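What follows is a single chain, given as structure tokens, in the form predicted on its own.
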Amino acid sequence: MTRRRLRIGLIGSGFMGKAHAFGYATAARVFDLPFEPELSCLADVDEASAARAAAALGFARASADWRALVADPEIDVVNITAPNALHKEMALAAIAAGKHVYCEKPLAPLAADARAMAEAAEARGVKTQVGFNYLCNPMLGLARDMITAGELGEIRGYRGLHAEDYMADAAGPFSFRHEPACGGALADIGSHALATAEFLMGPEAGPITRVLGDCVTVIGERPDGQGGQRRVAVDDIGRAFLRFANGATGSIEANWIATGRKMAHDFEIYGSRGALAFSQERFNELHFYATEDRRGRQGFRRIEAGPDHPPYGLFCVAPGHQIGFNDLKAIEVAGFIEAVAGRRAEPFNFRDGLRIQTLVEAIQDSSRAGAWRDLP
């Protein structure tokens, strides 16, 4: 039986554009999808760049005009991996054209923009997805299941960290990520830390209800590419103390100048009966401590990812052989396509993306004021 095609239009072919393209290709082979994703058109900054990327990533057509891609009746899904400040305009145009929209995080630089995007999508009845693919890790799903099942007992504390060093060199040039509209480290990678905190803690501890932020610009100016220097106004490090609905407390840190760290998306969760620890740098492992273990035998035990942790088994039949970053994107793609087909709810839609941006802005506002801020 021939499956109906789901025609994909991708805007942007950088790091995340490639990850999305790989995600569609892998998902089509690994999962029993209701649609066959077809890489139809890729748009980039100019014809040459678009043509090169389309050929390399397997897209049938290329364009230098993202608006033409959005308006194309042959496109079913508009996939946005352009710089953050462009997300709103592109997404609203796609929604108005009746397209489903898959947008890489953060959804928008401002919560007001994210709200406009979410409300437009809901009014138009299109499906949406925000790219938080770390949440698709089977080990995070296992952690959430263990918390929900009460294996950690009463949840008391949370520590989250997202640290990388891609901005650690002060001689590195000013980029779009340093534009005030892009929000700094907290918005760029702290959004992952916040999404993970609520994904894991939500079932037991409830949502984050209060925040106390501290956002710091460490490298105050960067080369502008024209022989001069340009002032940096966004944070290099963003931290926040957190209060959850059940009274649990915690913290998160976003740090893009963390020398030596390449992908430290980590968490620790402490409960009355046990604890969990995880690092994205070894993301096929989850570490579990149980207070019921007898004295002299206590300690964190390693749980290794395997076929018992769906959907790992669809990628590999053997435990310990590990899945990778692009496989997480394939899992995310599969969930979104299932939602487009009406088989499940959207895994992480624009309304969820709005929630994360609301948390980011509350932390930024708290940092400026030096005071706690309550969340709705």
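A quick note: this is a predicted structure, and the numbers were derived from the prediction, not measured. Each residue number is its position in the shown sequence, starting from 1.
Same protein, other form: the form predicted in complex with another copy of the chain, not shown, and the subject of what follows.
Looking at another copy of the chain in the model of the complex, residues 58, 270 and 371 each place a heavy atom within 4.5 Å of it. Another copy of the chain is not drawn, but in the model of the complex it has no heavy atom within 4.5 Å of residue 175.
Another copy of the chain in the model of the complex comes within 4.5 Å of no heavy atom belonging to residue 199.
Interface residue remark: residue 81 is not counted as part of the site for another copy of the chain in the model of the complex, having no heavy atom within 4.5 Å. Although the partner is absent here, residue 315 sits close enough that one of its heavy atoms falls within 4.5 Å of another copy of the chain in the model of the complex. Residue in contact with another copy of the chain in the model of the complex (any heavy atom within 4.5 Å), chosen from 232, 92, 275, 140: 275. 260 is the sole member of 228, 260, 73, 125 with a non-hydrogen atom lying within 4.5 angstroms of another copy of the chain in the model of the complex. Listed stretches are 178 to 186, 108 to 116, 94 to 102, 161 to 169; the contact stretch with another copy of the chain in the model of the complex is 161 to 169, by a heavy atom cutoff of 4.5 Å. Residues 289, 291, 293, 294, 295, 296, 297, 298, 299, 300, 301, 302, 303, 304, 308, 309 are the ones in 289 to 309 with at least one heavy atom within 4.5 Å of another copy of the chain in the model of the complex, listed in sequence order.
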